[in-house]
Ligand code: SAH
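What follows is one chain in structure tokens, specifically the form predicted alone.
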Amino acid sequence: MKLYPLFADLSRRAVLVVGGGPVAERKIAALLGAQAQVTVNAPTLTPQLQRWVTAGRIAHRRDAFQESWLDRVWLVVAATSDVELNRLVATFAGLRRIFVNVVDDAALSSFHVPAVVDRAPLTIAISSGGEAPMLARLLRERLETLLDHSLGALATLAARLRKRIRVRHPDMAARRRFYESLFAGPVAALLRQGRPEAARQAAEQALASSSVASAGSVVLVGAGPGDPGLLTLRALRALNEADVILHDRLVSAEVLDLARRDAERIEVGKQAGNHHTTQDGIHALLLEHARAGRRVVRLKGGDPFVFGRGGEELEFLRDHGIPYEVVPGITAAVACAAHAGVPLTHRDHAQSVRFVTAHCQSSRDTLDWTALAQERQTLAVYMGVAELGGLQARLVEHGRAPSTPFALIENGSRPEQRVITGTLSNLAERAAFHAVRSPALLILGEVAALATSLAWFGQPLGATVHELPVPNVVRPVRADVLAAVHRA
């Protein structure tokens, strides 16, 4: 059966719903959203339906269904558990040429209620003809993740300008280019930023312009720790709108796989001791592609504003007049701690948390070690794998107890996650023994001891590096011994 898609204006029009249970309640809620005048026929009602009756939002008929109730009705919904009653309602509605929906009975229905993505006045309806409603709902859920809620405001603005747009651009091709610029350019970005008046002014300026400009822009997006399931909905939308993606080395392949297929991908990753692309080089790429009219996503691991140099990139874009947005991501400290079972704060152990970076000697020398060595706080140390020995010495020197627990989390939230635990006294030793590599985050403080008892992600505790023995002294393997092993 092929259905004809139809959107009905039910405002101030009479609709009869037969049934007073939870299913009827859901149908009536949608009808009230369309401003229909609803009468419900049922001996008993759900508490919510009764509240709507009391408030005068819907009318109620308690006695048995009568055909005469269909007089002047535009639409009927049968939502009872009584099959014969549903059939009776459908029969009388058909005789009167009134569209009827019988819940969970496609054969008796002359219209079907779709799964809806609501971005009023923009509405997207999905129907399977009543044959596979769960599939329609699944598709609705997927579309919900892709369509920003600001689309409703964008549709309203476009409607207000529609007549003027037709006059200004009588040529269809020019009009199409204008709409494309309106829907994908600065006006849409301003609405996403919650700035409707600025969006209106930008639309007015674009309409007054003699040509349709192809304006580029940059969205600074936090990719989170690597698990694609932790990407925000807004980040996913940005990835699907991008023409160009400049991404860090640590952004996972699984996250990149969610991006628009034909988007150009440029790795601009930086790693300790190996700057694949300098920061100035990244700035130049952002400027080049944005000025070419492209929609650029600058994709950073974690959150761009937590040791991600996002502020520097926004300052550069501002100074060069490039429109930009920011989509925050789940930062590594939050994600890694959660996946290791470590609460960053705890009523019994830590009332504060500090985010610290110590990726080189110069950054290490600028830290307030006296403050960092205080007890009853959690330290989350980013990019510190290469400096663990110096970090350990400085903290002990300034009074942090050598017995302070730590959790070193490598590849947090990813399938290959490892968690190494110990105390501050053997931090560097254990990291060397287990050959920890970046990306890894250090959590130091009393809360880190909970990694052993609260672990939930990855391999069971008995099979992980938590329980591996660590020798008192880690000695390098002699070259002659290593050669003998290879010969064997």
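Computed from a predicted model, the values in this text were never measured in an experiment. Residue numbers here begin at 1 and follow the sequence given. The term rigid core refers to the maximal set of C-alpha atoms that superpose within 1.5 Å between the two forms.
The form predicted together with the named molecule exists for this protein as well; it is not shown, and the discussion that follows is about that form.
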Checklist outcome for this item: Of V89, L220, I245, I409, the only residue with a heavy atom within 4.5 Å of the named molecule in the predicted bound form is I409
Next on the checklist: Just to be sure I understand the contacts: of I28, L441, L427, L444, which is the one whose heavy atoms reach within 4.5 angstroms of the named molecule in the predicted bound form?
Outcome noted: L441
Checklist entry - Just to confirm, L250 within 4.5 Å of the named molecule in the predicted bound form by heavy atoms? => result yes
Next on the checklist: Check M383 for me: does it contact the named molecule in the predicted bound form (non-hydrogen atoms, 4.5 angstroms)?
Outcome noted: yes
Next on the checklist: Please determine whether R414 contacts the named molecule in the predicted bound form, using a 4.5 Å cut-off between heavy atoms.
Outcome noted: yes
Checklist entry - Taking the shortest heavy atom distance, is Q377 within 4.5 Å of the named molecule in the predicted bound form? => result no
Next on the checklist: Just to confirm the contact call: exactly one of 78 to 86, 286 to 294, 327 to 335, 113 to 121 touches the named molecule in the predicted bound form at a 4.5 Å heavy atom cutoff, so which is it?
Outcome noted: 327 to 335
Next on the checklist: Pick out the residues of 306 to 327 whose heavy atoms come within 4.5 Å of the named molecule in the predicted bound form.
Outcome noted: V306, F307, G308
Next on the checklist: Checking V436 here: with the core superposed, does its CA move 2 Å or more between the shown form and the other one?
Outcome noted: yes
